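The chain below stands alone, shown as structure tokens; this is the form predicted on its own.
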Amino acid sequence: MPINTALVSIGKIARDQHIPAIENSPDFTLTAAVSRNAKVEGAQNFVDIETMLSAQPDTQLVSLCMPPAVRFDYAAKAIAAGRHVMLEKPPGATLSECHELIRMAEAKGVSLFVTWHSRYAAAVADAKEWLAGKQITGVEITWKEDVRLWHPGQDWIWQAGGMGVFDPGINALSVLTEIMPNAVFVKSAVLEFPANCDTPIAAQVAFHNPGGGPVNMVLDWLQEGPQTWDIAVETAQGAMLLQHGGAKLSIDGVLQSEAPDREYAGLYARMAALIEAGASDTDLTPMTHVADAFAIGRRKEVEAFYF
């Protein structure tokens, strides 16, 4: 039987990704939507999670899509009610919140999934396999996109806790930490804050790589035209280029694979497997790198930003 699922916060990411993934999955059925301002046809709609949890005791999974600053309370209530929980990235406002949710889920015996959708891009698994055992001599991450295109009018991303350019940048970190054969650590960072914002609009981050050459990341949220989501890796055995956020893989300039977006389908397939196994998947490494960049990064004030 499909797993009854509630989707909380019906915004752009819910409509563009979560709802189609649930509708096309044999493992889930959307039974509830929770939003103060939107409704989903075919599901029972609620304005608060408490009412939904009470009215639908057979809804087993709660998938949370609201901004991270307010996500903890929703997740905690769902876990306390014995429901499995999926957390849209980034999983929380702070690492301490995330660790507490992990503890709560373990104590309650429910599955908790800290999702990193970019890890499920079509070519990421192949990139990880190719890099295994190779001597890495350098990594360059270039993640540049247009905030006005992807987050039109969303002021929360510029408020403290909104992460700014690290909202997309954490996707790059989720891929990096998935494909690298060894751990890396933030060594230095320059964070560019618009004069009227609490979060950065661009960043340059350097990592210490005990296993080999330098790892550098450039993030920019003002790129117009074609968007850039690339990870280039040089090794002693050849060069790898992962493009389009992980959808396209080339080795030594030769295309190896390219496929359309199926990231969220992969997330829900993984969630079904976790529930079946009575397990959780709670890797916080990408968020730890972001926290480290904020902790040791040098702040640089730049021109004010307006939508």
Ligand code: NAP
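When you see a residue number, it is the position in the sequence shown, counting from 1. Keep in mind that this is a model prediction, so the values were computed, not measured.
Separately, the form predicted in complex with the ligand exists; it is not shown, and the next lines address it.
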(request) Give a yes/no on whether residue 52 approaches the ligand to within 4.5 Å in the predicted complex, heavy atoms considered. (result) no
(request) Examine residue 275 and determine whether its closest non-hydrogen atom to the ligand in the predicted complex is within 4.5 angstroms. (result) no
(message) Since only the chain is shown here, I'm wondering whether residue 25 would be in contact with the ligand in the predicted complex (any heavy atom pair within 4.5 Å).
(response) no
(message) At 4.5 Å between heavy atoms, is residue 298 in contact with the ligand in the predicted complex?
(response) no
(message) At 4.5 Å between heavy atoms, only one of the stretches 210-218, 104-112, 71-79, 132-140 reaches the ligand in the predicted complex; which one is it?
(response) 71-79
(message) For the three residues 37, 90 and 167, which mark the spot I'm curious about, does each lie within 4.5 Å of the ligand in the predicted complex through at least one heavy atom?
(response) yes
(request) Name the single residue among 235, 154, 227, 94 that comes within 4.5 Å of the ligand in the predicted complex, judging by heavy atoms. (result) 154
(request) For the stretch 257-281, return the residues whose heavy atoms include at least one within 4.5 Å of the ligand in the predicted complex, in the order they occur. (result) 264
